[in-house]
Every structure is written in C-alpha cells, then in structure tokens.
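The chain below stands alone and is given as structure tokens, in the form predicted on its own.
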Amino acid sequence: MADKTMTAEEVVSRLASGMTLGIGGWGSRRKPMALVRALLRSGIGDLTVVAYGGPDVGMLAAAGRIRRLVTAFVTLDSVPLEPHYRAARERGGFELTEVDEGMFQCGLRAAAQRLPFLPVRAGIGSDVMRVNPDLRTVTSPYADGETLVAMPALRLDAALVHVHRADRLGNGQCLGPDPYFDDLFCEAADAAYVSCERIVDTAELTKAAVPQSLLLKRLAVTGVVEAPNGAHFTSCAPEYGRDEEFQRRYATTPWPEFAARFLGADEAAYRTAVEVWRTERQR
C-alpha cells in the first residue's frame, strides 16, 4: 500500500485553473486553511468552488480566484456574513449557485454514489427554485406521486479537507464533535487531499477511539499532508478553538493588506507573521 504523504505545495501542483474544487469543514470550523493558503500562493484561478463556506471562500473570492461558487452559506460563525465574500459578491466577482443545506448534502451524496441526482424535499415551496432556474423536479413513480427536487450531483475534480489524525495510507480520524461532510467531499472527488494535525501509525487510529471517528477511508484519499495548526484561524475542536482575535483582524482588514502581511511565502512564514502580530498586540 502506497505512502500518500506529500507537502501542501505538492498538493497545489496537482491542481489546475478551471477545476471544480470542494473544500470541507463548515463555516469557520475545521477548514483546511493551510492548503487554502498554499493555493492562494499559486497562480491557480477560474475555480468552481463547492463549500459550506467560511474564510476559505472569503479569501479565494477576495483574491479573484473563483469563477463560480456553489454553497449553502458563507459565514465566519461569530461574524454572520463573511465580509470578503460579501464584498466580492456585491461587485459581481463570481457566479453564485446558492442552495439549501440539505440540498447541498444530497448533491455531495449523489456525486459520492456516482448518481446524476438525488431526490430531495428541501427547496420545494421556497425561492431556491426561483433563483436556480436550472433545477428540475421529479415525480415519484409510486402511489404517493410526490413532486421532489432533483438535486444534481456535485461532482468534484478535487477536494481539500482537514482532520485531526491520519496515517500515511490516507485513513483519517475526526476527534471533534461533528464530522460535517468531509467524507462525502472526498468520495465526491476524483482526487482528495487531506491535511491533518498529526500523521500517526495506522494502529494508533484505533486506540481509544469509537469507530465513527474513523471518518476517511484510504480508498477515497489521494494525498495526506501533516499540517499542525493547519485549520487556523478556524477551529479544530478539541485541539483548539477558533482564534477570534485574529479572525476579527482578518474580517476588518482589506484583503490586499491582510495578504501582504500574513500570507507569506509558505506556512512557516504565515505562522511567524501571526506570532509577530500577536506579540505586537501584547505590548
């Protein structure tokens, strides 16, 4: 079985402009931010991004890398509407496909199962159908004859997710209270890249862990990146919470200024810039 470990830069070297890219996590929670930052340091753009959006979407939108966004929301959680996303949307920086959270999940599930769509009740009777005129309905072939939304599969060229532990083969473990839909992102993608807080031996993944925590299976994972604190400034509970102070700095700083100071040449430079800023705040 192959060793799938790689660097964030090697992951980005396998991506390309024009791809459909899924990004796991939820809002400002357990986002693969080290991988997103590596992507921002590249020249890759013209992306269709599929995400329950947070600062990943905000940064990519502010940097002009998104052509189309498929999402159910874009939030920083403690800041209800992601400000850089909002600014990019207001200036018409990308196309938007906005659907219900349950519809989004069904789209990922359909892609994971290699189905063209899945029927779902969500969306019926709402403006989702009006603002997404390409959506279609289907009628149940059974006695109920119910009309349902045919949510199309959200097929991905690549997916980026972040978990707590992974082995070198691509098995991933989530130790937090909510797995979100990171497994579906990986299964819906042609290639899935997983960053983790720590790479461990396979045997360690099963120690004192409930089976449900073994979220990602190696067959759905292409590459593994060890990225301690790789979700910063989003949360990665129980490892660490959201860095609210730094998130406020991000939310209130024009993107060019924020990127110039904090993006850096690599992840080590990013961490150094954050620590310098934190020291300045404490003076």
Partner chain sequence: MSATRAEYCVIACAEAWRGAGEVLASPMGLIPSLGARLARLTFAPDLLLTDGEALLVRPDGTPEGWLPYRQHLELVAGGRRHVMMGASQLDRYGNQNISCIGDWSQPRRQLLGVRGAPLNTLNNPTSYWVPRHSRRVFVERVDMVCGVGYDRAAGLGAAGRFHRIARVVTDLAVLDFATPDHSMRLVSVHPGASVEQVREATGFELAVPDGVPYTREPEAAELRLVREVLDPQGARTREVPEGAGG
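Positions refer to the first chain, counted from 1. Since this is a predicted model, take the numbers as computed values, not measurements.
The form predicted together with the partner chain exists for this protein as well; it is not shown, and the discussion that follows is about that form.
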Have a look at 198-206, 174-182, 150-158, 110-118 and name the one stretch with heavy atoms inside 4.5 Å of the partner chain in the predicted complex.
174-182
Report yes if any heavy atom of residue 72 sits within 4.5 Å of a heavy atom of the partner chain in the predicted complex; otherwise report no.
yes
Quick one: is residue 85 in contact with the partner chain in the predicted complex, heavy atoms, 4.5 Å cut-off?
yes
Although the partner chain is absent from this view, report whether residue 49 comes within 4.5 Å of it in the predicted complex, heavy atoms only.
no
I'd like to know if residue 91 sits close to the partner chain in the predicted complex, meaning any non-hydrogen atom pair within 4.5 angstroms.
yes
Given that the partner chain is left out here, which of 135, 81, 138, 191 has a heavy atom within 4.5 Å of it in the predicted complex?
81
Within 4.5 Å of the partner chain in the predicted complex: all of 26, 101 and 215, by heavy atom?
yes
Contact set, 106-138 vs the partner chain in the predicted complex - heavy atom within 4.5 angstroms:
109, 121, 122, 123, 124, 125, 126, 127, 128, 130, 131
